[in-house]
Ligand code: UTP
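Before any questions on binding or motion, here is one chain by itself as structure tokens, the form predicted alone.
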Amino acid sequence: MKKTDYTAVVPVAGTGTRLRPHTYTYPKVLLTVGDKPIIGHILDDLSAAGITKVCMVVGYLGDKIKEYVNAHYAHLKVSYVEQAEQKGLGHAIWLTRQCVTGPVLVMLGDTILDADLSKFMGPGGDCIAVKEVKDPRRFGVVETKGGYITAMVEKPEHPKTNLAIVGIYSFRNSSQLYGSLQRLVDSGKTTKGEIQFTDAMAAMVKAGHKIRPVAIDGWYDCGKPETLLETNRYILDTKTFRPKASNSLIIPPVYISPTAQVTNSIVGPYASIGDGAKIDSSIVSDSIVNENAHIFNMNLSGSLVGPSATVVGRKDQLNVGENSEIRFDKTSCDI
């Protein structure tokens, strides 16, 4: 079975409530980490693995996601389905049943994974990614024996293991997966008010279906401001960039978009500056400045600045949404 036979399913319909105010007007997956939006890293990984067919589940602000993907990933065959109501991950994947035949690789759209995807598309059968975590109550959790999963539960109150399911799922025969999802949807069963993907897979395991756990080390959450910044630091550490700025000091690792303008400033370490951003007379470290944001006379650290936001004034820690403007003094400037 060739890698090109696989269809990747990528759910990106979530509203990203923990990243507000950014996600009031901007999809979470379009926020920058490192040198590009979250979804860009995911699609790069799929493309590098040889996958050419992608089905994305969109919902909230889905048109912006389509615009970005169509502009930057024309080499991929991307289709879209809409999840109009947030009914859970299982429901989102069930909606893609008309788009997928043959093998399927599900990759969640809210995390960045450092994993060899070839391990999930080899001859070894169906498998899912797992990782040991400190608090497994927040995740789907698996139990294993003899190299296979024997049980799995979504967000258990009293988990029997600390092996969490972390965002990659591979099935060589997608009809078996969609059959289990269909039975789950028909039954009306929900867990914590949602149709859970874990419940569909658990039913398959209970019926004797073999699913292997594949342990991965690199799993980077993008769901909260602090974890988004942590993921940004990871990406900047693992890639090589050659940022340019005028009359400025760059302290690596730093990414500055070729279309950004940085003057009279100190940038870094661990700063990402997006397309069209303007930074003048400022110090920016351990921060993400999204596209077309303007920053003047600021000392920022541990901050997220949303697309097209304007920040003028003094040292602080900020979490600024799209099209916002913040001024701490009466300075008048043209930026």
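Sequential numbering from 1, following the sequence displayed. What you see is a predicted model, and the numbers here were worked out from it, not measured in a lab.
What comes next is about the form predicted in complex with the ligand, which does not appear here.
Checking Val262, Leu184, Leu89, Ile168 against the ligand in the predicted bound form, a heavy atom within 4.5 Å turns up for just one residue: Leu89. With the ligand omitted here, the record of contacts in the predicted bound form names 89-97 of 89-97, 127-135, 252-260, 203-211, defined by a heavy atom within 4.5 Å. The closest heavy atom approach of Thr15 to the ligand in the predicted bound form falls within 4.5 Å. Although the partner is absent here, Asp199 lies well away from the ligand in the predicted bound form, with no heavy atom inside 4.5 Å. Heavy atoms of Glu154 never reach within 4.5 Å of the ligand in the predicted bound form, leaving it off the interface. The shortest heavy atom separation between Gln83 and the ligand in the predicted bound form is within 4.5 Å.
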